[in-house]
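In the block that follows, a single chain appears as structure tokens, in the form predicted on its own.
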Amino acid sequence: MDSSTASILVEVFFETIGYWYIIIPTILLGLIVGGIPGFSAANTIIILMPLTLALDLQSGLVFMISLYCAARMGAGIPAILVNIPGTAGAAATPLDGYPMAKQGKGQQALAISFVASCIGGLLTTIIALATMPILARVGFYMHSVEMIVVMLFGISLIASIAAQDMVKGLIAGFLGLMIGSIGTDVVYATPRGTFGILELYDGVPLIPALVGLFAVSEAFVIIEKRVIVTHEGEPKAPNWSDTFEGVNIALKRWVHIVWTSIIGLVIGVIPGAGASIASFVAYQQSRSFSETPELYGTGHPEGLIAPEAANNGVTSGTLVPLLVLGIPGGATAAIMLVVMQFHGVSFGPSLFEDQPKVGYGMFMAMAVSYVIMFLTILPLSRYMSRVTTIPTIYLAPMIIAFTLVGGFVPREYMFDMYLALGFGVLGYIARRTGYHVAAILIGVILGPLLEKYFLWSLKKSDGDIMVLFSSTLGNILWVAFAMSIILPIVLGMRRKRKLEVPAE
């Protein structure tokens, strides 16, 4: 980095700090937006588009980026406390976050989540800024063949879940894949499994499925108890010691935060991939290479760190193709593209030469937002965790009401509210009969994406299945995928042998 670039970064840093009066209120707004199922940074920015366009370019970008980062973090709060992922990117967070809350460790879980999110987001922002030309090329090399392998990394999490009960886990996963196949075929537009219902022609909407399987079904379950937490996990009064304990747990696992956030960064660079893929892939990789994979799903800190670090790593990744190539990496980045075009910004490598304060300013705004979030939100974990002590006779109806509204918001169809209730009943039956709702949800989210890329690959190769092995990068990913499946089995066998020797 030359001296001129360093001086620009220092200047941009102090300018961004000067926008604190925009960043702090926007962070609070983003937490609320992220915590409401169905809402996201993208549709909130669309609603506030007139305000964004009325501001000057730098103020508008600071506002959008702060909202984007805060909403990503905010989605994990209800996922941990009441098993309601605010967005698809937080769908893997409840797997270990919610069991911690039920054990009376909600305060520690929130602190772990905030630390992993802030460090992951801040670290990947710095890496993205330093390696932008290299990262920008990732999108060129990741085609349909490579994306198929990336999808398989996430879908293989179904097999990890099925390890606890192979038959039920696989049944749940295949059910999710079948539900995900509902809608019109991506190549020939042939309706499948729609039963003539027009609202299903675009496929099963994600938010109603998400809130139904997790939130509504959980509300049906907890109404049978007095409070969310178990009898053994009665929480203490709000105190700083639990918050600091959570911070300490996360900081001790800083290596885990680093490599899972880098997974999010790389997947975020790929246009259309998104945080949901990143969080499932990071969770699967974290569990596969853990020394204690059996603890995942029971309230294991690493199972909470992985998805939270990854989905916040995605935020900086989506900016790379936007700024360098003019290709938005996600819905929020697409809206930023519109605002920047309105102000006459030209994209490409020349952006950092012609308007360096705009290019560097976006990453600096992201970095400053994560630092301010850490300082302002972490103390709130003392009080947020008290949600788990609210009697379920009040909490369950509130959860159902909010989630049904959340199911309605994205498409504004009454049908989606009924669909959320239907998925709630399905999720409740699954929980009561020992089937894992996460396996169903993985199939619903990743199944259609896998099918889309698979059919695209076959169509381009005239039906030749060997096209899956026609790419050098794809073959490298195939080897990595095979190793991620085989190595955990080998390591597990070695651990068993080590345990058997002392016993003998």
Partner chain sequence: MPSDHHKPPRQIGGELVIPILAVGFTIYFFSTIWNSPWTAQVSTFMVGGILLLVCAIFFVRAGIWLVRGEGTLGVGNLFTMDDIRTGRIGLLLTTIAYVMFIDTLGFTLMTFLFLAVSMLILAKGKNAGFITMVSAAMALTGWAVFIWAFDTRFPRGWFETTMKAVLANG
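On a predicted model such as this, the values are computed, not experimentally measured, just so you know. Positions refer to the first chain, counted from 1.
There is another form of the same protein, the form predicted together with its partner chain; it is not shown, and what comes next is about it.
Trainee: Please determine whether each residue of L9, F244 and L251 possesses a non-hydrogen atom within 4.5 angstroms of its partner chain in the predicted complex.
Mentor: Checking in the predicted complex: none of L9, F244 and L251 is within 4.5 Å of its partner chain.
Trainee: I need the one stretch from 97 to 105, 116 to 124, 167 to 175, 275 to 283 whose residues put non-hydrogen atoms within 4.5 angstroms of its partner chain in the predicted complex.
Mentor: Within 4.5 Å of the partner lies stretch 167 to 175.
Trainee: Can you pick the one in M414, I134, A130, V255 that has a heavy atom within 4.5 Å of its partner chain in the predicted complex?
Mentor: Here the answer is residue option M414.
Trainee: Among T376, S181, T389, S290, which has at least one heavy atom within 4.5 Å of its partner chain in the predicted complex?
Mentor: Selected residue: S181.
Trainee: Might G193 be said to contact its partner chain in the predicted complex, defining contact as any heavy atom within 4.5 Å?
Mentor: Yes, G193 is a contact residue.
Trainee: Considering only heavy atoms, tell me if L404 and its partner chain come within 4.5 Å of each other in the predicted complex.
Mentor: Close contact exists here: in the predicted complex, L404 approaches its partner chain to within 4.5 Å, heavy atoms only.
Trainee: Although the partner isn't part of this model, could you tell me whether V33 comes within 4.5 Å of its partner chain in the predicted complex, counting any heavy atom of the residue?
Mentor: Close contact exists here: in the predicted complex, V33 approaches its partner chain to within 4.5 Å, heavy atoms only.
Trainee: So in the predicted complex, does L421 come within 4.5 Å of its partner chain, heavy atom to heavy atom?
Mentor: Yes, L421 lies within 4.5 Å of its partner chain in the predicted complex.
Trainee: Taking heavy atoms and a 4.5 Å limit, what residues of 413 to 432 are near its partner chain in the predicted complex?
Mentor: Those in contact are M414, M417, Y418, L421, V425, L426, Y428, I429, A430, R432.
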